[in-house]
Every structure is written in C-alpha cells, then in structure tokens.
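In structure tokens, the next block holds one chain alone, the form predicted on its own.
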Amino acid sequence: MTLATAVFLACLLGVSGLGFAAARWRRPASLDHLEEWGLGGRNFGAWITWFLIGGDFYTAYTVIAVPALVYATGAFGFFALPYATILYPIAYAVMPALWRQAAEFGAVTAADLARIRHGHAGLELAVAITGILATMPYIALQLVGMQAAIRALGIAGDWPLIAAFLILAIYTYSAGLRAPALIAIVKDVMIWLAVALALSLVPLRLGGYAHVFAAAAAGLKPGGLLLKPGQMLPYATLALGSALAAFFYPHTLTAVLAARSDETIRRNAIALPFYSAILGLIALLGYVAHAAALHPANANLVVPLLFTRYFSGGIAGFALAAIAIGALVPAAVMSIGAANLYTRNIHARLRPGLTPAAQARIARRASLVVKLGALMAIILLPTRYAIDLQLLGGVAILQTLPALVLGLLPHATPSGRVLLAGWAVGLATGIGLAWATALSPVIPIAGTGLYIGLVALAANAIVVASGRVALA
C-alpha cells in the first residue's frame, strides 16, 4: 500500500467514525420522529447551518466538474461564480419566509409546503416526485467525484466505491441529518486546505500565474479566457436559472428547514458568499491543468491528476480524501431529502395514520434505496447518462418554484389546480427541448442560446398567469 493510499483511507475512516459518533451528538430522547432524524430537530445554529448549506452546494462533483468545465471551455465555465452570487439575495428574501411557514405547520419537505398552502393533493405529489427524480442523479454525481479520486490513487475495481456506500448508508441510517452536519465542518476545512495548497504550490512549479494564463489561452480551443459574443446570453441565463433552482432542491431545502430560526437563515445568506470566492479559486484549477500539460481522456480527471502529479504521497492522499469526503456530506443530505419526500408525501398519503416512529423507520429505509439506486447507476451505466439526467434536474426543479414562492403571497395565490397545470406544461416543455438538443442545457437561438430551464419556467408562468386570470 502506498503512502497516499494509506493517508486517503485513514482520513476516510476517521471522518466515517465521526459520522457514527454523530448519532450521539445533541441526541434527543428518541430519533423515531422525522423532524429529529430528517431535520436534526430543527435546532442547527448559524455555524452548523453555514457549513451544512455550504456542504450541499460545494460538493465533490463541484471540485471535479467546475475545473473540468473551465479546462474544456475556458471563461464559460465560470458561470458558476455569478450563479453563486445571485442566489444568496434570493435566499435572503425567500428562505426565511419558507422556514417560518414550515415551522408553523410542521412541514418537513417542499411538497408539505405545497399541500399546506394550496390544499391540492396532485400538486403535492408532483412536487414530491420532481424532487426525488432530480435528486437521484445528483447523488450519482457525488459518487462520480469519489470514483475519480479513488481511480487517481490507482485502485482498480468498484469495491472501494461499494465500501464507501456502505459506510455512508450505515451512519446516515443511524444518525440522520446530524451525521452530515457534523462531517460538513471537517469536509470544508479539508477542501480549503487542498485547494490552497494546489493554487499556491503548483503554479510556482509551473512558472507562475502569468504562464498559467498564457498556457490556458493557447490550449483553450475553441474556448478562451474571455466570453465570445454568442456565449454571453447562455452564460447569463445559465447563471440566473441555476440560482433560481438552487435552494429548491430537496437537499438544500432540508438544510434550510433544519435551521434554528429564520434569523439563522438570514445570517447565512449574508455569510455564504464566502464560498463563492472559494469556488472561483477551485475553478482556476482548470487553467492550471493546461499549464501542467494534462491531457486526460476525461476532463473530470484534471484535478485528481494535478494532486497526484505535484503533491507528495501523504499530501496527495489528503487532497484526494478531501474530494471523497466532499461526496459523503451532500450524498447523505440528498438521500435524506429524497427519503423525507417519499415518506411524507407519497407513502404517508397511500397509508394514512402512520405514527411518527413509523414515518422515521420508512424514511431510513427509503434513504438506503435512494443511495443504492445511485450506486447501481454509476456501476452499471456509463457516467455520461448520470450527467445527462442531472442536466434535466435543474429544469425540473425550476417548475416547482411557482408553487413554493407564490404560496408565500398573503392574497390572490393561484389555485393548486392552476399551479399543477403550469408545472406539467413547464416540465413537458423542458423535457421536450432537452430531448431536441440531445440533452444539452442550452437551446441554440440565432447564433446564441438560452438555458432550457428558464424557457420552461416561462411556459409554466404563462400558464399560471393565464389560469389565474381565467378563474378570477
């Protein structure tokens, strides 16, 4: 066993032990209640919430995919920076109100909120199914990030991924949301250290940042260091659409609803832009890979290859472990969010009268099924299929936005029937356009393009507005 592999395994086992210990951290009298297992008792303060939401957004796949996109396309890959900047004012304006509504009525999921505000069972089911389907490929993508880190160590086969899945499944089952909340702190610190080392040491060995940008400019064909005119509209709409969708994913909303108060959410919306600066630094690794003359068969390997080529054994193992652990936190929260949706808004509707303990037990089992499905997708299918499905995830989640945001209006809220019709038209439009463009997130229009999610949301909004006027 190499030193890098030994350090990698030691870090992974240490953090996994922390996950198991989380079952006793702030433990209530019983975890046999969905608010305790799935929301941590709605008792996370500002710091824990900050790390947990940050852990949801800045994941293993973020560390892998953002530099990979910058490596492949240049400036266009930086759309993640304005997206991260736009979404926090949205969170400041909307999320505290959603938290208050959820706390008042005991809502655990977005679909709960849709049912409470609009009283429509069909809309509740639509929001629940949309959230689950959008989350599954996202979990798979976390495993893609972990898989890239494992393969960079030269470990062959799927057994390390299966072992990591088992660890994730067991501590999530036992501790619920408390496990990823506690691990998120360690995960973020490890990623910050790994990125700081990569951006300070590797460019020095390559001749400095002047050489890095010169090499990137020469190697980025057909991309470049600056956006081309035809890229500006797709860049802007991808940033805006991604920002509108981000906080409505089940895992992000789970972290929000687990906060102690609406004031906790406001403080986090103010402090979370710090992560955007970290994201910009992570993206620069795509340019560093050009200066290092890396030519991987898959762009997702550029960051692991940088770590293994320029770091010594122990440091390389630590940096790759940071990526792997960066997969565990969001994958755990995502599986919990999807399990909450299934339990509260599908299973409980089919079997009314379930006790709180029964709901918690069903959610635990559902979280295992969700993670197993993601694992099978990675092992049995080519990775590109998971990525293609994730592109549709944002399009789908955007169609739940009217039901949740308009439900905050005190008067003249559209009916559940109208919102369900808007959801159906928006989802059909998004899927149809994605199919027509071979699952590209951008539809080409007159030499430029638009993010499909926004086009679908516009169709949704037109139906909702028209239906509200017709029924007025």
Partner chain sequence: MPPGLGETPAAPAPADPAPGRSRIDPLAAFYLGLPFVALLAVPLYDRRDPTLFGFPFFYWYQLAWVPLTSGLIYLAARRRA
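This is a predicted model, so every value here is computed, not measured. Numbering follows the first chain given and starts at 1.
Here the subject shifts to the form predicted together with the partner chain, a form of this protein not shown in this document.
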Stretch in contact in the model of the complex with the partner chain, which is absent here, among 133-141, 175-183, 291-299, 208-216 (heavy atoms within 4.5 Å): 208-216
In the model of the complex, the one of 260, 364, 151, 266 near the partner chain [non-hydrogen atom within 4.5 angstroms]: 266
Proximity to the partner chain in the model of the complex, single hit among 164, 306, 284, 360 (heavy atom within 4.5 Å): 284
Contact of residue 276 with the partner chain in the model of the complex (heavy atom, 4.5 Å): yes
Partner proximity in the model of the complex: residue 89 to the partner chain, non-hydrogen atom cutoff 4.5 Å: yes
Touches the partner chain in the model of the complex: residue 235 (any heavy atom, 4.5 Å): yes
Distance check, residue 407 to the partner chain in the model of the complex, heavy atom within 4.5 Å: yes
Contact test, all of 82, 85 and 100, partner the partner chain in the model of the complex, heavy atom 4.5 Å: yes
Residues in 340-361 with any heavy atom within 4.5 Å of the partner chain in the model of the complex: 349, 350
